[in-house]
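Here's a solo chain for you in structure tokens, the form predicted on its own.
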Amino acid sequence: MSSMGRIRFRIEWAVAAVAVVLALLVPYVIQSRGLPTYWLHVIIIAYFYALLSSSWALLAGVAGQFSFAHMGFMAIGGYASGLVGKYLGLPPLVTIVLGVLAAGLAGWAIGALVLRFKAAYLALFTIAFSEILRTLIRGEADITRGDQGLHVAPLFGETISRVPYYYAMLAILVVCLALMYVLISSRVGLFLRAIREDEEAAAARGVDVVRYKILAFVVTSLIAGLAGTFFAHYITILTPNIMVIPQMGLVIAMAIIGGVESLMAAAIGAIIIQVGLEVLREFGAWRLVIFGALLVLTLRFARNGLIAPIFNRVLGLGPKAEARVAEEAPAQ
């Protein structure tokens, strides 16, 4: 690694460490300032969306797969965990593992069916999959409770404090982001970016295109399933409305506004947007108008998102830095 590359690596980890330390202090700040504990709930949900947004950025921004099934996998994880706990009486930690595995298995099945075809088929198939799943959950009310809601056991028993859930969600987000960065920094990440740019060229160089596309799809469905199991055991009730198309659109919009090619930017964008929407709640429907206008402006004037360019500038990852790295790289 060049000297510029080492500096960049250290800065990235330093920024991440500072962000984690600040996040650890959030419950203390809320309590010391006498703020309502509801804001802790808002931030927990913001971390939940950050996990979904960053994992979707891995799928779309790195691997080049535009899917609408992310909320469906989230629902599979949550419902599988809740149903196993309800009918088999297993503890939450066991049902969470089973729920994540169920989401990963569904991701593998869909990937094996669709990822051999062009990207447009994946988008259409995943829209249909999400709607079929929502209809199935609503129709099988005797099992899933349908629109009445499936009650799920709380993760931390009958505690009324949100603090344990806050730290649990923060730990899940940090660990998953770290694992995703390890993935995209490896040869697998290199292959995924090559597939995103040109599948035929990647295949000509010996990359097993279908295998790596399925791998990315399964990894992100596992993460979405994990987010869903936590959500289920935190909210303690699930309804089919958690997987409606507007909810999936919200996750995609968060990733786009943050920066779809940067996992960290997508996560930060999701946190800022979720908290911002709550701050603007007194404006009613106008807050959604503001959010929509922000998305349109991002697509028109900042195709790489609003957070990613700022993040890159702070880390010294602009064009000049990239040029210096290229100059320091040894000749092939």
Partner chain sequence: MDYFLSLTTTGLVMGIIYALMALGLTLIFSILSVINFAHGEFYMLGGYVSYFLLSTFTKLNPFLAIPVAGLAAALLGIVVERLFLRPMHQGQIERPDEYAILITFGLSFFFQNLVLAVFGPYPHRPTSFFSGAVSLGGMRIGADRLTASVISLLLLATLLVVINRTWIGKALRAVSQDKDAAAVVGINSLWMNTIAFGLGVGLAGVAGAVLAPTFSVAPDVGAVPAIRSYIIIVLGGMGSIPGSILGGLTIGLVESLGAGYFPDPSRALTYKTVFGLVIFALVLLFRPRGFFGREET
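Numbering follows the first chain given and starts at 1. Since the structure is predicted, the reported quantities are computational estimates derived from the model, not experimental observations.
Although not depicted, the form predicted together with the partner chain is the subject of the following passage.
Proximity of L136 to the partner chain in the predicted bound form: non-hydrogen atoms within 4.5 Å are present. Although the partner is absent here, A120 lies within 4.5 Å of the partner chain in the predicted bound form, judged by heavy atoms. Of the heavy atoms in I127, some are within 4.5 Å of the partner chain in the predicted bound form. Mapping the unseen interface onto this chain, R116 counts among the residues with a heavy atom inside 4.5 Å of the partner chain in the predicted bound form.
Residues placing heavy atoms within 4.5 Å of the partner chain in the predicted bound form fall in a single listed stretch, namely 195 to 203, out of 222 to 230, 195 to 203, 208 to 216, 100 to 108. Checked against the partner chain in the predicted bound form, the residues L83, V188, I252, A168 give one hit for a heavy atom within 4.5 Å, which is I252.
Along 86 to 105, not one residue places a heavy atom within 4.5 Å of the partner chain in the predicted bound form.
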